[in-house]
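Both blocks below hold the same protein chain, though in two forms, and each is given as structure tokens: structure 1 and structure 2.
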Structure 1
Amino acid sequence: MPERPRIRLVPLAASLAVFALVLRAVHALPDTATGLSAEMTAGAKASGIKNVVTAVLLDFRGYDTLLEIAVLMLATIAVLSLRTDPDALSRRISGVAGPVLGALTRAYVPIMIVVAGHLVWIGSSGPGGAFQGGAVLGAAGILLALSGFARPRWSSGAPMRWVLAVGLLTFIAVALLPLALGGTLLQYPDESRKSLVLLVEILLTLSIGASLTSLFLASASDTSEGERR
């Protein structure tokens, strides 16, 4: 019994010590600091990418973005490999949509595809990019599935696998290209930096959209024709 108060004091002492270190670090910060904003702006301008966020993700922080895409693709592969139905990506998970939902789906899906393309294209100069465009593209695929529209047979075959993998494979190829030219990993050539970044963004959008749709289809329960869940 007498030892219990001491045991409780250990976490309190550790928390106070960490708090004191953080407080000292914050207090030691200079009154005015620009950080790396000037360097990032200059680097983005040199690359031809006006949007600093896109330049950071694919140029300055390319390792992190490459690993993020790899994790997403590995998660998709893991989910697809554990599915019990080999035709999970081509089966119906919902009955045929009613006239209202069907009409809205036919009207919205083309708009969503255009918006996804616009987000990728505008990503070099404004808010947007592959992750945003891929999310909208994946939402369009999920909306089609929930509306009961049939999916083509190739959606569970080799073409879908290539769509899932093309973004990551292209990113890896672009990352390794400078090594063959005597440079370093992810060091884009100056004369083609913007074109390579745009190519990677477009293909990553397709892969991310296909990945999100595949994850939904592989985990959704199916339904009989005409029924809805």
Structure 2
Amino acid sequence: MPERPRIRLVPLAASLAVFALVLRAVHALPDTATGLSAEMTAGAKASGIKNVVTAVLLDFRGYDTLLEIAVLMLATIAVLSLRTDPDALSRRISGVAGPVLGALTRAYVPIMIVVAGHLVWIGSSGPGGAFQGGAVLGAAGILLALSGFARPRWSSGAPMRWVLAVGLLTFIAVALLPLALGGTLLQYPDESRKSLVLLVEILLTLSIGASLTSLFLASASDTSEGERR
């Protein structure tokens, strides 16, 4: 149904009002504010994680990140629950793609995996981390599936479900570990903080990559349905 371009005045006025109110609110702020940066920077120094943002994400506010992983996994599962025909895409992509795409995929995927690993590794000191790595890994997964190296239906098979869940499950296990040692949830012991964070990051990368791949493949799977109508 083609939409005729039109402006509705009331929604427009409402949006403009929101704009004006936000500007007014921001304008009322003082020019400088420290927020929590001082505490956070000091805390990060103490904890040994050089990148403060990573320290905030995985340590100080690790609980947010735990639930955020849950959000991503939940969305993936929600999208999986909406598939009509899980095998539609698999039927369309039946064999390995032609020589060029095959060769390129063979060349790129290992590089992407290395890049993903690198992004995770440098996350502790600079920009990077599980999400960035996971995104690259997810792209690799999609590439593998579309070029026929991996069957798209695998995206919802039992092994894939394990991969999807392993990051969150590991994160939970690591979060619960301190409880046995007398701490609270996510209170990493100081001596093993770095290695635990790294372990979580690596497995999270895997799960995030799997999630993104699954999100793509699950919603791509029944394209033919809509086109048929």
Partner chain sequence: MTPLLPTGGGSLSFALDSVSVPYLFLFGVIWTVSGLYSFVTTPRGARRRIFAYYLPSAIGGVTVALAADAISFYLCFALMALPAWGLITAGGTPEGRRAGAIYLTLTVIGEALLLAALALMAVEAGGLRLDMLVTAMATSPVRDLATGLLLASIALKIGTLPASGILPLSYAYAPAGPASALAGASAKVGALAMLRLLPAGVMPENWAAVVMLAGLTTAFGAAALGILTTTPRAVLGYSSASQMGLVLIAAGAGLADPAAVPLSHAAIIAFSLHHGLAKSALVLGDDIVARTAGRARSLALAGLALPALALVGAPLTSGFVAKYALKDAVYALSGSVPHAVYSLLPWAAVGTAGLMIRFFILTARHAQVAPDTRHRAPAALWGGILVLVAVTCWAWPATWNHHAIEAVLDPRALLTATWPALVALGLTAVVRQTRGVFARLDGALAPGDILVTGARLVRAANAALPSRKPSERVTAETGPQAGRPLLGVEERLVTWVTASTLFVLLAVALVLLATR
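Structure 1 provides the reference sequence; residues are numbered from 1 along it. Here the rigid core means the biggest group of C-alpha atoms that line up within 1.5 Å when the two forms are laid on top of each other. Values in this document were obtained by computation on a predicted structure and should not be read as measured data.
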Do you reckon the form predicted together with the partner chain is 1 or 2?
2
Threshold 2 Å Cα movement between structure 1 and structure 2 at Tyr108, rigid core reference:
yes
I want to check Leu144: does it shift between structure 1 and structure 2 by 2 Å or more at the Cα, with the core superposed?
yes
Tell me, please, whether between structure 1 and structure 2 the C-alpha of Ala173 is shifted by 2 Å or more, with the rigid core used for superposition.
no
